[in-house]
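This document starts with one chain, in the form predicted on its own, laid out as structure tokens.
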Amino acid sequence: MISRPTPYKAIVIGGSAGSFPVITKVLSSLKTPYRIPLILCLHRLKHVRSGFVEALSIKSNIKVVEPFDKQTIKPGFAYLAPANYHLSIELGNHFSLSTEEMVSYSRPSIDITFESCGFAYKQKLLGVILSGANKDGAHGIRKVKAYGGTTLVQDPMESKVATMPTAAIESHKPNHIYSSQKIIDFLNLINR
């Protein structure tokens, strides 16, 4: 049986306060093999260099890694933005890391990651904003949609901290506003 190609080349997920349990649930619920690379930009303590990947990996169904500069993006991985680095995607399907100024008090900046993903993948990108305590990501997810990508925001009523998803919704009209379970269902549906 010939499987139909996936409509997405990448999924980018951004979150901050309250997003860790959702990300853990997502990673543990993905059906494998998962053919679409996940790019995770999560706010985290900049001086804590270890433990986050390990914590996410404990229940994840796919391998979680922190990419290095110029690393090629491949399916079957969840790439986590390293602490205290901005993570961008460059044409040619590889990562770029930088220590430029913080954006919205954050490094990594969700806005930077989302905007670069939007430019690189256009309509083949799914952008997802989860729970968080600031407005980082609102500009980035708006750019994802402007480049032709699909946007999905966690329902603020369900979010542990509603500031980030609310700002994302106010910045543009998302394609979907879903609970965490519906986000998981959607991610599994598009992997078929």
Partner chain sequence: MEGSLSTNELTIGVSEVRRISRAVQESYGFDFSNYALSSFRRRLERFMRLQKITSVSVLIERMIKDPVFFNFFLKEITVNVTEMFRDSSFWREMRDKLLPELNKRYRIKIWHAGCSSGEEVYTMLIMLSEAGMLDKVRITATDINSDVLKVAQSGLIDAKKMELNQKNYSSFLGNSSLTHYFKREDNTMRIDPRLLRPVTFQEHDLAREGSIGGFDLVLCRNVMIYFNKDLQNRVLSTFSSSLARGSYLAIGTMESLDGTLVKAQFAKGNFRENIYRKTSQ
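Residue numbers count along the first chain shown, from 1. Not measured: the values here are computed from a predicted model.
Missing here is the form predicted together with the partner chain; even so, the following discussion is about that form.
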{"query": "In the predicted bound form, the one of A146, A133, I58, M157 near the partner chain [non-hydrogen atom within 4.5 angstroms]", "finding": "A146"}
{"query": "Option touching the partner chain, based on a heavy atom within 4.5 Å in the predicted bound form, out of R35, K31, K70, K63", "finding": "K70"}
{"query": "K124 within 4.5 Å of the partner chain in the predicted bound form, heavy atoms", "finding": "no"}
{"query": "Any non-hydrogen atom of R142 within 4.5 angstroms of the partner chain in the predicted bound form", "finding": "yes"}
{"query": "Partner proximity in the predicted bound form: F119 to the partner chain, non-hydrogen atom cutoff 4.5 Å", "finding": "yes"}
{"query": "is_contact(S104, the partner chain) in the predicted bound form, heavy atom dist at most 4.5 Å", "finding": "no"}
{"query": "The partner chain in the predicted bound form: contacting segment from 23 to 31, 162 to 170, 149 to 157, 134 to 142, heavy atom within 4.5 Å", "finding": "134 to 142"}
{"query": "Neighbours of the partner chain in the predicted bound form among 76 to 105 [non-hydrogen atom within 4.5 angstroms]", "finding": "P82, N84, Y85, S88, I89, E90, L91, H94, S96, L97, S98, T99, E100, E101"}
